[in-house]
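Below are two forms of the same protein chain, given as structure tokens: structure 1, then structure 2.
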Structure 1
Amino acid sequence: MGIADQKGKIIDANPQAARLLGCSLPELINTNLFDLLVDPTERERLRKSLEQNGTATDFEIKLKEHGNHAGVFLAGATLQKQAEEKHIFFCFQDISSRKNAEETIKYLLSELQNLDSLKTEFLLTVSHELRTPLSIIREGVSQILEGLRGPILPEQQKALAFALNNIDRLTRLINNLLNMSKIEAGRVEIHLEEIELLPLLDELREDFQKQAAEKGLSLKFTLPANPIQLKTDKDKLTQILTNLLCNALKFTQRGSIELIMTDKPTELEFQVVDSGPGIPPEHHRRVFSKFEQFSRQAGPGEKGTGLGLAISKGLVELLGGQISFHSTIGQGTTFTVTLPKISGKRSS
């Protein structure tokens, strides 16, 4: 604690104040309180606060180079009138422990960011390296399965078909990891072009019609009657809608799936509506997180990577749009994608 005159000249202080500033008490006396601040802006801010409000509190300041200046905090200063003159009553507080904790947190956050970057680089490298040998393995198994390498027994055919399915599953996993890593690393290229949407959606309907029929599900596409054009990345939009339809098919055991496209004045809206089990409310905040599958049932059945929705969200945002969902337990889930009619953040 200490006292200074109205101009800031320190006329009295206790030894603790001098100790915090790393100087002796005689050195502190006659020093100007404002001159302890290195930054002229901070000096002016302190002076104005005292003049206009009569008080100045919680000033975290860097003091001149003497002692442990980095850990000192101007906890409070008050301008009061004594006799015929005004004086400034002030106190300092040692915040070195807090500053050390802040520096530690900053360092740990930096290390986490570095580790995350390393992880992304690792996944990108590994994913690229795995794709080539997997393609070779798939081609070899396919040739044997098709009889190009000679006749095979029914049991062998069954085993090879099982192997081929799992090769395809592993390929999808690697592709999803690669896509997610590219999104996180900011390496996804967006190629904008003017496209007709109805033919694209007709192709999607044909692709998913058989899969829906095999599960006994009704698949419906509700589309505008007139042709609709959109400047966007065709491949990325196809991937987004494919991910959402795959997700709906995977977790819907009975009922229907519907894709609805609505033409709005400034944007296009795509909705994928299913009659699946719904997503529990406690999981809603993590729906677009990586490696999450909230409707996955134990035992055999459809399996996935838990990356589809995270990838879709990343791609939608790269196209300048938004993705959201609404879900009711026992009734189903609706995912909604909105894209601006002038879409995309960058093109190449």
Structure 2
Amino acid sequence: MGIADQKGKIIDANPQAARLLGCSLPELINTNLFDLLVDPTERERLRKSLEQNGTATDFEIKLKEHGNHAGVFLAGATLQKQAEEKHIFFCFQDISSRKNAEETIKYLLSELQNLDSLKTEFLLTVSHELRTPLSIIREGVSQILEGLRGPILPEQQKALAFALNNIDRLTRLINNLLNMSKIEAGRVEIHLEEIELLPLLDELREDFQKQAAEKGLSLKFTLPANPIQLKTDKDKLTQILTNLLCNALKFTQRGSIELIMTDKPTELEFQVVDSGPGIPPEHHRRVFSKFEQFSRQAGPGEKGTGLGLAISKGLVELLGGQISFHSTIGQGTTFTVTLPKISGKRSS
């Protein structure tokens, strides 16, 4: 600690103060306190703070031997005895350990960011390399199954249908892993455009009608009578609603699935309501977490990846909206997505 005159000239200090700055006490005496701050803006901030508030904290002094790292923390206060001129009382604190820790955290953070970026790159490359052979396998199986390569026996058809289902499962897994990784890395591309919602929802209804009928479920879309436009990313909205409808279809064994769209003054609300078994309350907290599959069942049927809802949440937020759910055991679950009418949030 030490004391300086009104102009900042150091009049006296203890040896510890000099040692912290890496100089001798005589060298410190007569040095200007403000000159210890290299940045002129910081010097001015210190001067103003002392003048206006009488105190000043949070000033870091850069030491030569520490390169550009601040190693000493300066705090000061003005003192004025009656009739005497103002003096500045100051103290230094060694913050080199804290600065070193901050530097280490910064370094580790940048390493983590690099690793995250590498992970996304790796997933992109792996995804590309997997998709090409997968597309050849899928197309070959698909052509035999469709009879494009000649007639096949029902037993062969059954085996190929299993194969095709699992090729699609593998494709979904690759897509979901990649999508999740892109969302987490902020690398999702958002293409905003003015779209007509009713034709998009009609297409979705057509896609899901057959699957619902195959399970003996009724599928209903309750939509406004008038055409509705929304500036959003069509593919992302389709993906969100597809994920929610897929989930409803997967977990509902009897009853119905309904998609309700409500046109509100500033937002559009989409609700997917199912009459499934409901989500147990102890799982509610983790519904939108990654790799969560609360109702996974053995046996035939579509297997999920546990990423659909996490991806949906990420995409809804990228479009500037919100997603929530309400579930009652034995009665069913309702997922609600609200999207602003103005525009979505762009990805970074």
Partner chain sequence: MAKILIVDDEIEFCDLLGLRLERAGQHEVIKAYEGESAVQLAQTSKPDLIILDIAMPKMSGFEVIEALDKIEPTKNIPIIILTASTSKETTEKIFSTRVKGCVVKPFNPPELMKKIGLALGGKA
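Here, residue number means position along structure 1's sequence, counting from 1. Note that the structure is predicted; figures quoted are calculated from it, not measured. For the two forms, the rigid core is made up of the largest set of C-alpha atoms that agree within 1.5 Å on superposition.
Of the two forms shown, structure 2 is the one predicted together with the partner chain.
After superposition on the rigid core, the Cα of Pro26 moves by 2 Å or more between the two structures. Relative to the superposed core, Arg187 undergoes a Cα shift smaller than 2 Å between the two structures. Once you line up the core between the two structures, the Cα of Glu42 ends up 2 Å or more from where it was. Lined up on the core, Arg138 has its CA atom moved by 2.3 Å between the two structures.
Look at Ser117: with the core superposed, its C-alpha moves 5.9 Å between the two structures.
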